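This document opens with one chain alone, in structure tokens, the form predicted on its own.
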């Protein structure tokens, strides 16, 4: 099963759009109301597979019946949306989700389609992703020209050419490194000189490791997730895994952070139709319950820094029991149960509660990263 997306250029996308638009036009010319078929996303047609993450089951399609009044509006919006995608692709232009919404506020368009809010146009984009398919897979909105603001950074000795066509090294693209492209599968990788990539939930800790020159000392890449990673970051992580770079994830010890890790590892039910967003090879580096309560725990001295879980945290942990990517993963399920039992959570900032001088803190960071990586059968120098 393919985990990554198949490469596809804009001319192919335009061809796929033309095929759909021509089919709708021919149907109308024949005096028939068009139907639009697509595969939905729900627990009924998505299953969890440990070595692949969430997988879409394309067995029973749903249809939008153009004979119904509300469906006729959807068909019209769908055709209009595809025409806007095509125009932008032909001009090598991109658009944001908000741009797409305002394209529907053009007066003569609004008079007909009567779009209420951006949620409606966001759902339309999701429909377009499901209808436009290439090699049996949904075409993601990024390939349709709809991109999000870049979220996440990567610092490490990797030389690339991004969408600007400019060649750059990710260690010299700013203090955080390279801001991840909105279309990382279109980025060309020229050279890789790292032994592993560590992606960190909190921007502050990622920045500190870079400031302490730990990526250079350990020959690693450091990525800042800025919380829940966006589609672009997850696609970049998948891209590095395809280059056989070990992927390690460093997050808070909390039920919410288990979700962050599971999303990187397994994608999500909602986006199971989009290939290239899951990295089953990703490993949880920390921080884990064993760091504080295990026999060889490296953070036992700062157990006092742990905080009580809130009602929201406890509710999240209970809900995690019903999330396949967590409940069916032995490690994550165990982490979740221990947190529920202890009712305590830990944050990455806890490393600062050792109260060490910065030179000693750097040494501890290196010891922690090397020890935990070794435990996961990943060697860093």
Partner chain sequence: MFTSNVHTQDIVELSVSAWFYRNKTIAGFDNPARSLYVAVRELVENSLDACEEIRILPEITVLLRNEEESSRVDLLNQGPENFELVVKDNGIGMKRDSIPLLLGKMLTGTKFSHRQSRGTFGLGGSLALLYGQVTTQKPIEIVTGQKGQPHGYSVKMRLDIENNRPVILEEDRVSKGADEHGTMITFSLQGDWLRSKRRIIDYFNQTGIIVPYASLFFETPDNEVYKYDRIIHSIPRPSVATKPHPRGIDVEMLKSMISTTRARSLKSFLTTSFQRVGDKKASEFLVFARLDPERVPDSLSMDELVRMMNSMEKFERFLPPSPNSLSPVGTEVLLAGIKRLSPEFVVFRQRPPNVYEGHPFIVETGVAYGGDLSAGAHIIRFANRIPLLYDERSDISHRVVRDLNLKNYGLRQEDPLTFIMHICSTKIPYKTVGKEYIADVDSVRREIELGFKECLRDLSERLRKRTKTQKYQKRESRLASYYRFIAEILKTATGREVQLERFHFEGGDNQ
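None of these values were measured; they are calculated from a predicted model. Numbering follows the first chain given and starts at 1.
Below: the form predicted in complex with the partner chain, not depicted.
With the partner left out here, the partner chain still marks one of 231-239, 159-167, 145-153, 68-76 in the model of the complex; by a 4.5 Å heavy atom cut-off that stretch is 68-76. Contact with the partner chain in the model of the complex holds for none of 193, 222 and 367, as no heavy atom of theirs lies within 4.5 Å.
This chain is drawn without the partner chain; in the model of the complex, the residue among 80, 226, 256, 179 with a heavy atom within 4.5 Å of it is 80. This chain lacks the partner; the member of 173, 132, 210, 109 within 4.5 angstroms of the partner chain in the model of the complex by a non-hydrogen atom is 109. Although the partner is absent here, residue 86 lies within 4.5 Å of the partner chain in the model of the complex, judged by heavy atoms. Shown alone here, residue 21 lies within 4.5 Å of the partner chain in the model of the complex, counting heavy atoms only. At a distance threshold of 4.5 angstroms between non-hydrogen atoms, residue 31 is in contact with the partner chain in the model of the complex. Residue 26 belongs to the set of residues with a heavy atom inside 4.5 Å of the partner chain in the model of the complex.
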